[in-house]
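Encoded as structure tokens, the following chain is the form predicted on its own, with no partner shown.
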């Protein structure tokens, strides 16, 4: 379950920022997670609760924004929405697509004290 290591990485970022910006508590964490990222949302939520115990983010709520996947079709030069990797372009049926969004995971916002 790589979601546990993802949460450990989130905690490391939070602790680093807490030292730099001198906050002592995190109230809310907002993540942007792309549908193609390979992150299992329910596993991430479970891991989040486990990893944040005893930290400055122990009482933090987790909000997740699911980001749709976009790709650029090399054949017809259009930007399209895809549901999964290796989808065909709905306009020209080409499989020559370059993913431009939807495979990312990032901390969008921290609400802190």
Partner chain sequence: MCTTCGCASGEVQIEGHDHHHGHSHDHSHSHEHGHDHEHEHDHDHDHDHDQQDLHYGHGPAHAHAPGLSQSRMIEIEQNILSKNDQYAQQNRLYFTENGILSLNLVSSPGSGKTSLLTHTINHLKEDYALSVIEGDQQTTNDADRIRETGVSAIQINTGKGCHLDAHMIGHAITNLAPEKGGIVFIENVGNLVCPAAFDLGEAHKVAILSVTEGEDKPLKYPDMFFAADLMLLNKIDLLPHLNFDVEKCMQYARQVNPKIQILQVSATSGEGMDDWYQWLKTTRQMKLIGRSDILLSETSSI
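Residue numbers count along the first chain shown, from 1. Bear in mind that the values here come from a model prediction, so they are computed numbers and not experimental data.
The same protein also has a form predicted together with the partner chain, omitted here; what follows describes it.
J.: How about residue 9: is it within 4.5 Å of the partner chain in the predicted bound form, going by heavy atoms?
T.: Looking in the predicted bound form, residue contacts with the partner chain include residue 9, since a heavy atom lies within 4.5 Å.
J.: According to a 4.5 angstroms non-hydrogen atom cut-off, is residue 92 in contact with the partner chain in the predicted bound form?
T.: Residue 92 lies outside the contact set for the partner chain.
J.: Taking the partner chain as it sits in the predicted bound form, is residue 30 near enough to touch it, meaning that at least one heavy atom pair lies within 4.5 angstroms?
T.: Contact check for residue 30: yes, within 4.5 Å of the partner chain in the predicted bound form.
J.: Does at least one non-hydrogen atom of residue 36 fall within 4.5 angstroms of the partner chain in the predicted bound form?
T.: Because a heavy atom of residue 36 falls inside 4.5 Å of the partner chain in the predicted bound form, the answer is yes.
J.: For this chain shown on its own, do 76, 82 and 101 all sit within 4.5 Å of the partner chain in the predicted bound form, going by heavy atoms?
T.: Not one of the three qualifies.
J.: Going by the partner chain in the predicted bound form, which residues of 53-83 come within 4.5 Å of it through any heavy atom?
T.: Counting only heavy atoms within 4.5 Å of the partner chain in the predicted bound form, no residue of 53-83 makes contact.
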